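This document starts with one chain, in the form predicted on its own, laid out as structure tokens.
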Amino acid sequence: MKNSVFHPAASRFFADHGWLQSAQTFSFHGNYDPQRIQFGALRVLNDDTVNGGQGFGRHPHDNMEIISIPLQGTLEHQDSIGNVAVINPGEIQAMSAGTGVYHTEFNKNKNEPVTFLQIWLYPNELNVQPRYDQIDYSKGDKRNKFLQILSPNTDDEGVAIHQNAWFHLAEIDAGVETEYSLKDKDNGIYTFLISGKLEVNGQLLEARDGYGIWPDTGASFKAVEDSFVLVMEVPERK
């Protein structure tokens, strides 16, 4: 296994469906590269912008952990297990598809686009009961520190999924250095820089770049500019 992989923003796949502009870090639907299928259990990392009032109609999923993180605008979610929800920036949604679920995701606002990260992880257990979780993390302190927004545990901070994975967000001021320590020494770290410019273990990242590493204990972060970063700790796919 390679110890690191760098995915510059411009190397992502791009799909233009008129109502949807999608920048895809890994192979997705008709965009395929056998060298870019996944990073461990992280299978999909799409940076989607949906026009006002448009969205993904009713469609099925099974045995996948599906996470949405709005960055701008408002999403409206409905699913076949009875959930109807609105998700805003500062919130995260997680759906465990398990034995099977149908859902829709639409831009709630008819006049403004919504931009959000659509992330899929392989689960560590198949055919679980589908479930939905959503939290507001907007009041959590992520200034020059990592705020946990996802974990494997229902009694821990953030939404819970069926995978030995943790997600954190941080807003790091220019010039500040900080460390991320692994929760599980067998996991890897995939960093997606939402905005700004920073170094991860000496690798320079610009906005929308991705960088995956399999460290021994963790990783060091140094912001070159004020930066907003998503850190996804995930296991190798079993």
Partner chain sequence: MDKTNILVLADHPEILETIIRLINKNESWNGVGVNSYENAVAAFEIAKFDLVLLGVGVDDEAEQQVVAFCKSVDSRIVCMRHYGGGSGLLHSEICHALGL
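Source: prediction; values computed, not measured. Numbering follows the first chain given and starts at 1.
Keep in mind that the form predicted in complex with the partner chain is missing from the display, and what follows is about it.
Relative to the partner chain in the predicted bound form, residues F28, G100 and Y122 are all within 4.5 Å by at least one heavy atom. Contact with the partner chain in the predicted bound form, defined as a heavy atom within 4.5 Å, holds for exactly one of A207, M64, I213, L204, namely M64. Contact annotation: of the candidates P60, G53, G57, G175, the single residue with a non-hydrogen atom within 4.5 angstroms of the partner chain in the predicted bound form is P60. Only one segment in the set 150-158, 137-145, 122-130, 84-92 has residues whose heavy atoms sit within 4.5 Å of the partner chain in the predicted bound form; it is 122-130. For L193, no non-hydrogen atom is located within 4.5 Å of the partner chain in the predicted bound form, even though that partner is not displayed.
Among residues of the shown chain, R43 is one whose heavy atoms approach the partner chain to within 4.5 Å in the predicted bound form. Along 68-90, no residue reaches a heavy atom to within 4.5 Å of the partner chain in the predicted bound form.
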